[in-house]
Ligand SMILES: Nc1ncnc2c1ncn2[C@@H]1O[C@H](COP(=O)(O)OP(=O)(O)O)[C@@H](O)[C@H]1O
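This document opens with one chain alone, in structure tokens, the form predicted alone.
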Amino acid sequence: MIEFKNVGFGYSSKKGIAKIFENLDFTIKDNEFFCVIGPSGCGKTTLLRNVAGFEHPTEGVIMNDGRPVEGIDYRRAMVFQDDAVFPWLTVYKNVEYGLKVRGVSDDIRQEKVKHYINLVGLTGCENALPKELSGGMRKRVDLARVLANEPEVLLMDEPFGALDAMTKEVLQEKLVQIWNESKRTIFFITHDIEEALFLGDRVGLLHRLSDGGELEFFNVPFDRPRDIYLKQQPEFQAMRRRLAEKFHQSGKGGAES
């Protein structure tokens, strides 16, 4: 469980503290798939980095299972938008890397690496280098490497944003499958409203501080399991339009991608 208790964040500037967000007070439940959308500059990525421990709130506190988040911890793992694979390592060695750093024994490492490579659909590519893979396949390597450490919380910052539409949908379905099997807590940032509604249990719309800084919540009413054809259903599109209207009102110029 991730708890935000009156959380605010700002950067130091010549004029004092330039606030990004403030007074955020909410909870992400255990095993919840929580998505956040919002206009550029509202603080989505900064909020995620605070949960990861890369940065720290200037006001309030973030709690993970009752303990303050004070630094980086493998139990809260981050998947970035850009490729984070090591180009000089094979798929196998990329996925193995975190386990090796943590001192996990050879036999357990081999078991976990094989399992997660298979889980993301890369069996047969173990000896390939990243330059030999497509963008979607490299993102699968990213995901497998993070999952191999078996984090309690998966933090995802627009991980599919740079992919083509078809590859993106394939990976969305794969992520839902992985989440269904592992039931980890996922905190997912996106600009794509359809992506948020397809993936999430709940969607938070973060408004810019100049527009009140509110985090507005929307429960996603669609049953699981979901397949990609859900996006074509009238009720899905009706909710997408509702969120799109809210999105475009937030910041008076945010654009849905």
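In this text, residue numbers run from 1 along the sequence as written. Predicted model, so just to flag it, every value in this text is computed and none were measured. The term rigid core refers to the most C-alpha atoms you can superpose between the two forms while keeping them within 1.5 Å.
FYI, the form predicted in complex with the named molecule isn't displayed, but the following is about it.
- Proximity to the named molecule in the predicted bound form, defined as a heavy atom within 4.5 Å, singles out one entry of C35, C42, I62, I28, which is C42.
- Contact annotation: the named molecule lies within 4.5 Å of heavy atoms from the stretch 44 to 52 in the predicted bound form, the single such stretch among 227 to 235, 44 to 52, 66 to 74, 195 to 203.
- Within 4.5 Å of some heavy atom of the named molecule in the predicted bound form lies at least one heavy atom of I20.
- With the core held fixed between the shown form and the other one, P234 has its Cα displaced by under 2 Å.
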